[in-house]
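Shown next as structure tokens: one chain only, the form predicted alone.
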Amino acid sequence: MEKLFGKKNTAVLISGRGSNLKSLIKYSKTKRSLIRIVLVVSNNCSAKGLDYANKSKINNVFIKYSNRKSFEDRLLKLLKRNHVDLICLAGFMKILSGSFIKKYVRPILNIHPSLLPKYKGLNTHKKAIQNKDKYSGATVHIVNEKLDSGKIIIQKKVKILKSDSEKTLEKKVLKIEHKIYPKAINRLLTSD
């Protein structure tokens, strides 16, 4: 990847509460930030994250997900119009197609609530507890055509206590997600 000159125009894709979006917006306003969030896109019109985008005066769009092709076609047009250099998936609960990933030739990052390659997909906290794992955590990786299988940029683990439930584990993992996503972005954008 080329060395960085100026902040990279970034789009954040969300589906829900937007806590990682909120954390990325906060990071984007710091001196050390390498990104400028220019677009927030959600497939859910009532996603709380859209409120954060509005409050921060960031262009935000709801795209109805009636089918993947029409969603991705609209998304590609928006990305082009906003000159987006980087996509960050932050609780985006849809899978981008291989053809979308080929058409959008810039990096796409995702944050996943497990220590990949363990527990790809959904219900990661439940799986970690059921399997009596000692640790769980979060991973930021580059999105490729296989689910949760791209190159890992950063991982951080948390100890699973005997007293942990899915809810308490989710809270612990979310806390570290907010810390590692900005670090992963910096690492990605400053690497050769």
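All residue numbers are counted from 1 along the displayed sequence. Only a predicted model underlies this, so the values are computations on that prediction, with no experimental measurement involved.
Form predicted in complex with a small molecule: not shown, discussed below.
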**Request:** Please run the contact check for Cys88 against the small molecule in the model of the complex: heavy atoms, 4.5 angstroms, yes or no?
**Result:** no
**Prompt:** Taking 4.5 angstroms as the cut-off for heavy atoms, does Arg17 touch the small molecule in the model of the complex?
**Reply:** yes
**Asked** Should Pro113 be classed as touching the small molecule in the model of the complex when contacts are defined as heavy atoms within 4.5 Å?
**Response** yes
**Asked** Quick one: does Ile101 come within 4.5 Å of the small molecule in the model of the complex, counting heavy atoms only?
**Response** no
